[in-house]
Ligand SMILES: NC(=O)c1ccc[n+]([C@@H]2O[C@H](COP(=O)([O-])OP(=O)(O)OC[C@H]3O[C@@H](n4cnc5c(N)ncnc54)[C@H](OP(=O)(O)O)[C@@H]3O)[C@@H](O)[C@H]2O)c1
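For reference, the chain that follows is the form predicted on its own, supplied as structure tokens.
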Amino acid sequence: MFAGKNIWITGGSSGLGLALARMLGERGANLVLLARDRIKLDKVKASPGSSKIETMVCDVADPRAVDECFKGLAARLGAPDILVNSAGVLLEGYFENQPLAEFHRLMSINYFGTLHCIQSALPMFKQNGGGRIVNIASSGGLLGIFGYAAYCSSKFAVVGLTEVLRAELKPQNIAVHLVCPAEFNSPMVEGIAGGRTPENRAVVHTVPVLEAGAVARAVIAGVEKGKYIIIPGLPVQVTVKLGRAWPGLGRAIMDSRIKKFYQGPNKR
């Protein structure tokens, strides 16, 4: 399914994007990795087994830069068969302490970055008679999680966009996949490890933290099976299904885990 296909991955210099690139490369795909950090991209390009990997510096939050980048890559390497929108940033903290600018920053990368890339790739897919889009959202785009006000807002937006695109693009032979992992080990998660709120840690760690490789394998398997929504890990699948089927139960469980931080000497 992936052999010989042109697959473009945003956020491809680290984390899930890089894990996907490694595995797809082993399956014979021609890869283009896009990210903002030239140094990280150069390290990926110089690593063993990267002969079929091209890299390009691109800020997905800048629509003009994305469009110029995509057109240049298509002219040089051919249009993408599959676009994986994996670029993203994470912020955790109490809502009252998060500046408005941070909400804008997360929306500009997580949501608008995804939107910009799809807008630039869509004419290429239509010209080629079809294509495939894989949007990396989050279980935090399906369920609200303590401390993730800015992050969940941006990922809920990605989920909403993907839901609409699935319906609109299917008749045009463009398949869309929505990936909603829970927290997994990545540089993004490591970046908040030292300062995250105890309430967030208690809620998030209700389910096991996965490795990026495990998430990547689940994504690839889901795409191969043609699944629309891909949720890596059985515990997360159960949590999401319960939370969406019985939202009151999900809220009660979250409230019970948070309650201890607001009692007695622990009261914030």
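Note that residue numbering follows the sequence shown and begins at 1. Model, not experiment: these values are computed from the prediction.
The same protein has a further form, the form predicted together with the ligand, not shown here; the description that follows concerns it.
- The ligand in the predicted bound form comes within 4.5 Å of no heavy atom belonging to Leu24.
- Of the heavy atoms in Pro181, some are within 4.5 Å of the ligand in the predicted bound form.
- When the ligand is considered in the predicted bound form, Ala61 lines it closely, a heavy atom lying within 4.5 Å.
- In the predicted bound form, Pro187 approaches the ligand with a heavy atom inside 4.5 Å.
- Candidate site formed by Gly15, Ala35 and Ala137: every one of these residues places a non-hydrogen atom within 4.5 angstroms of the ligand in the predicted bound form.
- Distance criterion of 4.5 Å from any heavy atom to the ligand in the predicted bound form singles out Val89 from the list Ala157, Leu115, Met124, Val89.
- With the partner removed from view, the residue among Cys152, Leu165, Ile174, Ile109 that has a non-hydrogen atom within 4.5 Å of the ligand in the predicted bound form turns out to be Ile109.
- With the ligand left out of view, the stretch that reaches within 4.5 Å of it through heavy atoms in the predicted bound form is, among 165-173, 187-195, 73-81, 92-100, 187-195.
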